Each structure stands twice: as structure tokens, then as C-alpha cells.
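Listed next as C-alpha cells is one chain, alone, in the form predicted on its own.
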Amino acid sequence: MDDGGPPLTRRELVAGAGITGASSLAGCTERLWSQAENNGPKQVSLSIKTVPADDDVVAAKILSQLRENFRAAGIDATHEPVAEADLYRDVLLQENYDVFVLRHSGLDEYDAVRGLLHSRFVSERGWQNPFNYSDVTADEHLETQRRTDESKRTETLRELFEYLETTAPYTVVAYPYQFGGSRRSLDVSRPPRRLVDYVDIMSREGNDWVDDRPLEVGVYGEGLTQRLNPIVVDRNRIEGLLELLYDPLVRRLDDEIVPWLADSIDWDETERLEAEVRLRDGLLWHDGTDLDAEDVAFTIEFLTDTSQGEVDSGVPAPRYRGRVTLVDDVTVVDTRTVRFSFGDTVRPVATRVFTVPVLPEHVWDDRSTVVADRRTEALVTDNEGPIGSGLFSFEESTADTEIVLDSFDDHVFRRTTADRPDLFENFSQFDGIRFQIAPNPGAMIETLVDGEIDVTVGDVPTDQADTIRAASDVSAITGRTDAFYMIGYNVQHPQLSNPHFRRILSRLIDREHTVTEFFDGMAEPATTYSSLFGFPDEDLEYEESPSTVVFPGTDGELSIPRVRSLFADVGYRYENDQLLE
């Protein structure tokens, strides 16, 4: 592929920007009229947002490198560090940004990219198209992949990612390894991040020295005890905590779908796809109330519209929006059976909806009151004292100090007679979990070295890794996750509405150099078409590599002549070393 597409005139550039939507085109037109009447061409200006270095040093370093490379390319680039909660609000709720650098927790299935990019989600909140990206061709690929069988779907996905590479609505930099530490006498394979990791730690035979005490987990950050709402996206949280409290119908463990609250799923593909889900017998909520089919149907309907009909267009829960749109209808058959209708969606995609956390109707039914525009009580509540059906129940929390979870003895998987996954053999050798919250990574590591905690959760910055490696009674542990660092572009910005411009910006970060310098080698750079959009696996084969991973420079240092040539090829010009609009 070429560097940036064929040369274009300024008029062609504005016309080409039309594929990103009418709103963007209107912005370009007004801008050009304004320039014609008042001022000459101005320097291209972009603001980049991310969290402060204290919250995520890697994101801050990526931003710093990106900002310097933007400036070297002639762009008036500024940066704006904002607290994590504010960044999520600006990006996911208010779309108040030009460019952002953010760590994404990962995508569970290829269909997840539909929620990120499909134009039907452009006016919604959360991770529903926060880029304002609207492209008919991409929409067609995103729709087709959910309707085709496995062999044809692979080809559709390959075409989708190749097309997205040419339009660059966002781009992934790298996939970090997770690094942490554990008590040396504790048999831990990797830092806990998901429920399965906690179960694994608490089931190891080598831990049989443990008496009846909670697993002591170290974590750092602010506000981690303030928000235990499982359906919102705007606040930071402890990784895996809500999975411990809330159960779904099924869980995805590695590449396997494992029934959880569901006892069985019977599929009917004779006409339109349907599934009948049979719940396990004897399911209970943490407050002792029966969990039944009404709760399951309520959850799907409530996530679809948390106002329960009070707002004409509905107020969907943003966190699981893409998944619940897979469901055409959900019906209660009896107290333990629910029937789902999916229309023309294929089974691997439809299964995603069974991974949403099931909510107790008797708790959440009263949270449908509309409290503001597109907000209901369900979307603003902190959900103090959460009631779930997970392996652990909420016991207590102390502001910014600790969260204590009790073992939920009535959970079906705590019965040795139950038909439960193999991972529960020897579960559990601990009595509950206590999260000890430190203000920063250094303080968390200190509690590990002092023997006050068993294991760390969350990322230990690479510049503090040596402290863990040097400690005598501590083991360094690493693991791979689906998380990735991404750069997002708000296509409502006049220049960012141009896909040729975005493609060049995507190249202004040296991924290999970033992994070496910022991750201390503990990450994988995004170098393939699918990995540029959140899927690091190699399931999709390509004949060539994407051009947007080719950095116009060496060892992180930009080649000014090369980058100027890239911008000139798509119709931009320079004056006094400034890239002009």
C-alpha cells in the first residue's frame, strides 16, 4: 500500500470528508466560509487528552511522544491530563476531546467492534461509537459479520479490518503484559484480573497452609470504593471485583463458553435464531431472594431501557449496549426457563448477550426514575451495598482504604455435588477477599514487601518492577490480557473528519520503540490489521502488513521530510514549518 493515498486538492479533501457524516461536513463548510471571509489558513491544532502519569505512566508517556511528534509534523499540539473519571466522562459521555490516549480493557469478541464503530450508535454514550464515526461501507461489513457462518465471517472480518485501516477511526498502539507481585509462599501464576484468576489462586493445592482467612489483595488508586455500579462506564474500578459479585448466564473462559447461572442452552436455528436457557436449580441472590427467569428477562429489558418506557426513545445502559441489541425478544417460559430470539444473528455472536451480569429485579426495578437528560437513577447510583449472585457477597467498605467480600456459601458452585467447572476443584482455601487500597503503586508494593498482602491487582508500573524483583519473600508475576493502549480521534473535528489525515496521525507513534522504551519490552506492538483495532490474535491471515504501522522515522524520532511528504500527498501544505488547515 502507499503512504497515504493519491494526491488530493483542498476541494477534494473537503468532498472526501463527506463519508464521515453530514455533521462533520457541515463543520468543514462553516470553517471554510469563516476562513474565506476573515482569516487565511491557520495552523492545524489538536488537543490530546489522557490521565496523569500518577494514574497511568504509560499512557502519559505515549501522549508525550505523540504530542512531540505532532509538533515536529507542524501541528499545534497541546496536551491535557485529566483525572481518569473525568477522561471517561469527556470521551464516553460528552465527546469533549480531539484526540485521546486511553487504556481499553479489551474486546471479548469480534462483534464488539460493531458497538465501537457502527453509525447506529453515533448518538449514544459509553463505548458506543465515541469517535462519531459514520461510514456506510464499514456499517455493511459490521452487519454482515454478525449474519454469516464461520467460514464466510472470517473473510468478512478480514475485509472489515482492511477497510478500517484505510479510514483509521482509532488505532491501537500495543498490548501490555500485566505485571505484579505475590507472596512467594503463595502459588500464583499471573496477576488476578478476572474472576477465573481469583478462583485459580484460591484453589491451588500449594496454598493448603492457609487458615480460614481472606485472600489479601493489594490495589492502588482513588475512589475505588465509591462506585460499585455494574452497568456504567464512567468511573475507575478494581479489575475483576464486579465479576466476583455478579454472575452472568455463561462465562467465556479462554476460548470456551462455560454455563454459569445457565444449566443448559438449547438452540433452534431452523428459521430465525432462538435459544432457550434453562437456569440451574436453587439459585439465590446474596440477600436470600430466589433468582429466577423473571430476573433474567428483566435484566435484558432494563439494560435496553433503564427508564422502562418513561422516555420515548429509551435510556439504554451504555456498558452492555452492543450486546443487548443482539436480542429481538426475550420471553419467560417458566420460573427457570427464558427464551431469546435473535433474528438473523449467528450463534457465536448471539452468545455474547449471555455474558452480561444478571441483575436482581427487586433491587433495580425501582431505579428507573429519570433524573436528567438521558440519565436514570440506575445510571447515576453508586450502588452501595451491591446485591448480586456471585461467588462473593459485599460485606463492607471503608472510604479509600478497603473493600471486604464474604464467601457466598449458598452459591451453587460452592457445593461439591454441583456440576461445576473443573477450575473449582480445591476451591476455596480462603475465606473471602479483602482489597487493601493504597494511594499509589509504591505504597501498594510496600505492603506486599512487608507481608501485609498476598498478591497485587492492577498494573505495577515498569519503573517500579525492580522493587518487586529484588524483594526476598516476593515473586514477580506476569500475564497477558486483552487490554490495549489506543489512540482515538473525534471525527467531528474539522481535520479529523478526513480519513487521510487520521491515517497519517496513526503513523506518528513508533510502536516498536514504544514497547521497548515505555513498556520495558513487556508488551506486544500492534502490527497487523486486526491488532490495530483490538484483536491481537492471528486467526485472520493477511497477504500484506498495514501501512499505518510504518513509522516515518527511526527509533521513535520522526523524519521531518518524510512526514511532510505524507501530508503534502493528501493536499496539505506548510508555511513557516506549520501544517496549515
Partner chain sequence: MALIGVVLELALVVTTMLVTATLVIVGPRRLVAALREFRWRMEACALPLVALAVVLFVRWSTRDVFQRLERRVLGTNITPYLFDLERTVFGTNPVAVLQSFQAEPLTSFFVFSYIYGYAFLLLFPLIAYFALDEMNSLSTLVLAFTANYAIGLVCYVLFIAYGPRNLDPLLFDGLLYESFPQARLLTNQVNQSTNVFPSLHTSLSMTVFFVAWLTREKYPLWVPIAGFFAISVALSTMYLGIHWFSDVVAGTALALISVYIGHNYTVEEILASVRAFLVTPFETGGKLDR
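Positions refer to the first chain, counted from 1. Since the model is a prediction, treat every value here as computed from it, not as a measurement.
One more form of this protein, predicted in complex with its partner chain, exists but is not displayed; see below.
In the predicted bound form, do 65, 68 and 222 all put a heavy atom within 4.5 Å of its partner chain? Checked in the predicted bound form: all three residues contact its partner chain.
Its partner chain in the predicted bound form: contacting segment from 258-266, 315-323, 387-395, 80-88, heavy atom within 4.5 Å: Stretch with heavy atoms near the partner: 80-88.
Heavy atom within 4.5 Å of its partner chain in the predicted bound form: which of 550, 540, 522, 60? When its partner chain is considered in the predicted bound form, the option within 4.5 Å is 60.
Contact residue in the predicted bound form, chosen from 309, 282, 451, 439 - any heavy atom within 4.5 Å of its partner chain: Contact with its partner chain in the predicted bound form is made by 439 alone.
Is the gap between residue 470 and its partner chain in the predicted bound form 4.5 Å or less for some heavy atom pair? Although its partner chain is absent here, residue 470 would stay clear of it in the predicted bound form, with no heavy atoms inside 4.5 Å.
Please tell me whether any heavy atom belonging to residue 518 falls inside 4.5 Å of a heavy atom of its partner chain, as the geometry stands in the predicted bound form. Because a heavy atom of residue 518 falls inside 4.5 Å of its partner chain in the predicted bound form, the answer is yes.
Check residue 512 for me: does it contact its partner chain in the predicted bound form (non-hydrogen atoms, 4.5 angstroms)? Because no heavy atom of residue 512 falls inside 4.5 Å of its partner chain in the predicted bound form, the answer is no.
Partner contact for residue 333 in the predicted bound form: its partner chain, 4.5 angstroms, heavy atom: Looking in the predicted bound form, residue contacts with its partner chain do not include residue 333, since no heavy atom lies within 4.5 Å.
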